[in-house]
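Shown here is one chain on its own, the form predicted alone, set out as structure tokens.
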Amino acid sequence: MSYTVIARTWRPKRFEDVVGQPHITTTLKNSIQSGRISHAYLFTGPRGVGKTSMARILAKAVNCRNGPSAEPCDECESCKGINSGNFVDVIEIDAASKTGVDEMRELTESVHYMPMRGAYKVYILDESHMLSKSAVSALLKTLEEPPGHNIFILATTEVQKIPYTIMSRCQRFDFRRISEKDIIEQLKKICRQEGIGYDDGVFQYIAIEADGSLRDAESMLDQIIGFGGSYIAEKDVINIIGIVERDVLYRIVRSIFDGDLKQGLELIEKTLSEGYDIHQIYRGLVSFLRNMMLIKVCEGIPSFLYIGDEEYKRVSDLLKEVEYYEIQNMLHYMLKAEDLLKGFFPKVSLEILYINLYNLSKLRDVEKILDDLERHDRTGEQAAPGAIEEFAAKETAEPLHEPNAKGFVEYVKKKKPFVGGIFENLLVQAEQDSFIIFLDKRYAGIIKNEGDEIRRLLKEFFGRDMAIVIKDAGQVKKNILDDFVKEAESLFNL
């Protein structure tokens, strides 16, 4: 007896079986129940999220012996015929292979004939964005004035390629990526029904790798069961899918926050020597940091994220001394660095990326110093021993900036990252009760719009009202250039 893969065995047969698309199933059921059945539907969304399955369920619902019905019975001759793919009044067409005008004309001519066995003739055009211009023109006339016994369902992964003339004649339904939580629950359900045991947390690896596609997740599950038999072990999933173990990712991130660069680099080297590639480590770190950020922002596990109890405890321990924007900055930097990993030296790029993540984490030390300085300015309380001296010593590396002015910039970056980012590109100085901004014309409008906010932050940081003084940055650059010229003249006796 031939084996049927899990993705086909567990293909939804009723609206209630569809995973992760309640906004669509509810609308379609209500429309059928109220008799408001459209002549054309457009199902769009990523691969493996249920577009074709939903089209077949809709075809069954309108042709069911008890229908049109909000739920097909799945037992009558019509339902069984559609399930097996041999029901004469449901015509599935792969638009990727039948894009010609002749095939489309043949189809549009057939719409004038009445259904042979059902109430409706249903045409399901998969990958409909692949239709040629001539085929679209032939289809358009039919969609404008279709006979009442026909329903067209166009499915596509690239809705932007569907002509507006077609789109405007269809009811559009946007299918969403299936959430990790929904994928995991479905995989657990399948394993329970199939009598397959599993380690706790194994499905999280599959859900992340599937990237919102339930069909891909079910295909991976099939492959893993084929390898492990009646029990799914975590190590088997990791080996088959080729992903980095969560414990390794945890220890790499831990080394960043602990300031142990040597351990982190050794972990990366060890992981690479075990056969993992650069991009697997990168993707694993992005996923791990994303989970950390969401848990911190939501102050717990959000409803759309699935994470095991043990991993949640470990992540929570990491988050005790970390603010959400620190992780956000790390993720932002990682996403910007992705192209570097595709260059000629991906290993070096990954090592540099790791070191830069460590550098970003050290901003916490600056923030602590700033808090000490702020508290000292406001209350006269003694700052942490050596903190002010250490901070002032760091500031001497940039003599153009007064220490308090640079400290203010770091303070603003913490409180208002957008405004702080602007100040990073400007020269600023603090003199008594004045805050001097050497303004580049590119940022004039932004500084003007943020004026009230800047005044508030100045008062908050310095503990008193500060006048904002605007000077021309271009003139400062000219003066600096003049100084260099004079120095050169003196050196060479010009």
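Note that residue numbering follows the sequence shown and begins at 1. Fair warning: this is a prediction, and the values are worked out from it, not measured in the lab.
Omitted here: the form predicted in complex with a small molecule. The next part is about that form.
Between the options E326, E351, E209, E127, the residue in contact with the small molecule in the predicted bound form by a heavy atom within 4.5 angstroms is E127.
Between the small molecule and the residues S31, S69, S53, Q429, the one pair within 4.5 Å by heavy atoms in the predicted bound form involves S53. The small molecule is not drawn, but in the predicted bound form it has a heavy atom within 4.5 Å of P46.
At the 4.5 Å threshold, heavy atoms of V90 stay clear of the small molecule in the predicted bound form, well away from it.
Shown alone here, H149 lies farther than 4.5 Å from the small molecule in the predicted bound form, counting heavy atoms only. The small molecule is not drawn, but in the predicted bound form it has a heavy atom within 4.5 Å of R215. At a distance of at most 4.5 angstroms from the small molecule in the predicted bound form, all three residues A7, Q21 and I178 contribute at least one non-hydrogen atom.
Figure note: of the listed segments 352-360, 301-309, 215-223, 197-205, the one touching the small molecule in the predicted bound form, with heavy atoms no more than 4.5 Å away, is 215-223.
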